[in-house]
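Taking the form predicted on its own, here's one chain by itself in structure tokens.
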């Protein structure tokens, strides 16, 4: 039996929307002779920054490295604390460590799964240097209370928009709301370049410095040096990093950006179908979208309500047995092995409840109504309905 036969009846959690257009774009760059960071990266940066409503975009090879540069350029260093949600990807916390700081966790709003302003405020100490807000699972956070909180304490404010390109809060798109924002282009995110990231910002100095640091600290880019036919020579004023995105990846990203609005529309339509179907299942709580925000639905996260006939892990197994690939919700970082000893005895009730009771259903551009109907039918069957 071939791999195709084995998985033909399986419904994946997600699938990137890529095709011949991305293949042609990548091939053109490969054949051009310039495959490293160059003109396509600059074009991609302009496309993303323009879309979100920011003045500048700085592409990197991952969201983690985008976060690292942003934290570093926001003044975070050894001895500094960064308040952030426990309910997020380890990569977010990794970036804080790379900058020399220490993550200080706070709880989430149980309905939006985004950082709770009151919990964040309670976590601030004299060592706190920054607040890192994560726009989680495609839903934009309300930045107003965090802008006020950061101003009141003189703190840097940074946004992790890895999962939420295309979402809005109070009429502004994530990436152009309040603070420097970092995006991911991993295949599980809204658009993909395979791997990749970007900083969007209105701060010219931060953008200029980030471009230098991402390219080993060189004062001019390889492209500028190439255009000058060797008459310009780069200088190194400080230690930098190799965080560059390639033009091959950027060419794919340019094509993906042209599809983004259609991707958001498809995901939203699929979410509406799920919402309608799940309204008749008492055990399941669909995603909540507050009136100030729009959801990009990079993920469709459901919660099992108290009194459900089975726990989340049992439901996951039953869906897998039926050929439906789901995933458990986000596991809080304070319960991960690296942090368990440091956070012994600390509890974040909303984050811990979400970890026990939530799971992702398949949602992606190209998911057919027939496939979605099957997901819904199998979910009903697994729950004994």
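Just so it is clear, the structure is predicted and the values come from calculations on it, not from any experiment. Positions refer to the first chain, counted from 1.
Although not depicted, the form predicted together with a small molecule is the subject of the following passage.
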{"query": "In the predicted bound form, segment of 275-283, 307-315, 262-270, 159-167 with a heavy atom within 4.5 Å of the small molecule", "finding": "159-167"}
{"query": "Touches the small molecule in the predicted bound form: residue 62 (any heavy atom, 4.5 Å)", "finding": "yes"}
{"query": "Residue 134 within 4.5 Å of the small molecule in the predicted bound form, heavy atoms", "finding": "yes"}
{"query": "Exercise: residue 184 in contact with the small molecule in the predicted bound form, heavy atom 4.5 Å", "finding": "yes"}
{"query": "4.5 Å heavy atom contact, residue 207 and the small molecule in the predicted bound form", "finding": "no"}
{"query": "Listed residue (287, 196, 101, 180) with a non-hydrogen atom within 4.5 angstroms of the small molecule in the predicted bound form", "finding": "196"}
{"query": "Listed residue that, although the small molecule is not shown, lies within 4.5 Å of it in the predicted bound form (heavy atoms), from 257, 155, 91, 121", "finding": "91"}
